[in-house]
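There is one chain below, alone, in structure tokens, taken in the form predicted alone.
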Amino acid sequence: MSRDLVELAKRRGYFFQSASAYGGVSGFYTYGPEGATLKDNVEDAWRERFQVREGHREIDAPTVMPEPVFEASGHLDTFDDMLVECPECGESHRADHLIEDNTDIEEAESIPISEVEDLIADHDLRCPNCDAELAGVPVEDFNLMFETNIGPGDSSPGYLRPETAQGIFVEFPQLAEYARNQLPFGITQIGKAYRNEISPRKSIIRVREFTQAELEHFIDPTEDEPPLDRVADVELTLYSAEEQEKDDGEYVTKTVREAVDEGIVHEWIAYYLGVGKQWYESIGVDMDRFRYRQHLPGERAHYSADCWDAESEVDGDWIEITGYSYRSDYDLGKHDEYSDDDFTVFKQYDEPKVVERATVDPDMSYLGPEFGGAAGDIADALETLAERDRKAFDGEEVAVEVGGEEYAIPTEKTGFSVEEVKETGEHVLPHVVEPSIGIDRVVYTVLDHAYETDEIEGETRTRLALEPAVAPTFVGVFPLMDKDGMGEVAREITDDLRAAGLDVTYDDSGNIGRRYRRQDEVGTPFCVTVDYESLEDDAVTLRERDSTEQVRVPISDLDDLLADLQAGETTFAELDAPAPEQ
């Protein structure tokens, strides 16, 4: 199936490997005319459901960001995959993929490197390129970010963003102002991200440049609750970490409300799992080949407190198409710590409160001579410690760590005190709920799940049963023959339908059956044929792709009728139904 779909994708203009005239570049794909439109339609559908209907706002941040951003986010230290390099041919492979492809072990990326090396040896895994033995070859962490320089020289290192999320997080102080510092609020972004994959594979499923659609929903974890009633009855197919760790682990089917009440899924993640389920189904993902799988503890990203993946089955494998992560306050906390800006939101109380506050007023005439250049950092560390743990000041000395070195300061020199103060509000470091969708993988899933073959009039037919809402070409318009005025009428209809905002293709090449087959294969839901009868009755034949059924429709009604079909306000079966008896 995969080979058939990839061949169709290339032949019909969905996607193909980039720069093939120069031998191609692994991990980079070009979307053709049909694919680019399908991708745009999926993005627009995501934007409508996750942004517009949820009341969120969108930004567009740069794809290149300076190194300090990724120092703070943790990507420089922890954004790695496991690499094993063949000692014979020099080909690099993802060690966890080798294990998954050649054993019954799933989710090998959650396994420690030392165990991965043992598994390679135990299963006698060999290089897929040259069949050389890989036992005993060290497995190493490989950072996936593409490095670049900002400006001339190498004084300002930067990286292509590995996720669109950081472009939202670093701008949080400004975005919070636009939101009038009122939680909760959400920011979305659709754009390119880049990961220097060790072994790109499976066409657009694992690539080095891809499109993400991400939502960062900022909440006050002590007060904000999701509107669960909107999706409470949506049924979810769940594969929890607990079930995965069992020998006979199974999926469980729960409504969103049940999953929350039984403590299986965090309430905010559960809400977006419900929203996501409805969205995937609306764009044509087969729900019999779909599940939500919870990340195992060793599999979670460094920023994630909990994560569930939406996974689809394609080509016999389960692939992640979306990650639903509760990122807690990790990201904003890191940028608050590393940057010069404030990443908190001030939450005003209904009435002022009298509270006890621990403060320090270090004696710099002591700290300066005693600790030299570290004195300022020690003073800052003392202030942070007082806010976090006032009991640390109960003894005669206080210990703080600065730059990896521990310093002991006499408590009397810290100026520590606890005072009663009247506060009108407090600074809250928001938590983040993140649905992060891989658009390319969703596009592949939609195509794979739409790919069907059947037999029409003794011939095998290939068709893409795409949902009308995302099909790149919505209607094909044909003259039966381009003569006797039929071509002119068909071209007028084409212009009118395009003016009405529909994606239309005009085709007068070959016999009508061949034209139908072309449009079936490219996924066009409807075809309009102008024939000799049309010249007499101002009506056309409207054909539906999946059933191949046909009805006659007045030309004057065509644009409104097709718009209703695309919006789902009517169905073709309703058009074909006999009129009720009077």
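Since this is a predicted model, take the numbers as computed values, not measurements. Sequential numbering from 1, following the sequence displayed.
In what follows, reference is made to the form predicted together with a small molecule, a form of this protein that is not presented.
Original post:
Do Ser312 and the small molecule come within 4.5 Å of each other in the predicted bound form, heavy atoms counted?
Top reply: Answer no; every heavy atom of Ser312 is more than 4.5 Å from the small molecule in the predicted bound form.
**OP:** Verify the contact flag for Gln294: yes if a non-hydrogen atom of it lies within 4.5 Å of a non-hydrogen atom of the small molecule in the predicted bound form, no if not.
**Re:** Close contact is absent here: in the predicted bound form, Gln294 is far from the small molecule, nothing within 4.5 Å, heavy atoms only.
**OP:** Examine Thr445 and determine whether its closest non-hydrogen atom to the small molecule in the predicted bound form is within 4.5 angstroms.
**Re:** No, Thr445 is distant from the partner.
**OP:** Indicate whether the small molecule has at least one heavy atom within 4.5 Å of a heavy atom of Ile204 in the predicted bound form.
**Re:** Result yes; Ile204 sits at the interface with the small molecule in the predicted bound form.
Subject >> Region of this chain that lies against the small molecule in the predicted bound form, out of 172-180, 222-230, 448-456, 320-328 [heavy atom, 4.5 Å] >> reply: Within 4.5 Å of the partner lies stretch 320-328.
Subject >> Proximity to the small molecule in the predicted bound form, single hit among Lys277, His335, His93, Arg195 (heavy atom within 4.5 Å) >> reply: Selected option: Arg195.
Original post:
Of the residues Leu125, Ala165, Met82, Val504, which one places a heavy atom within 4.5 Å of the small molecule in the predicted bound form?
Top reply: Of the listed residues, the single hit is Ala165.
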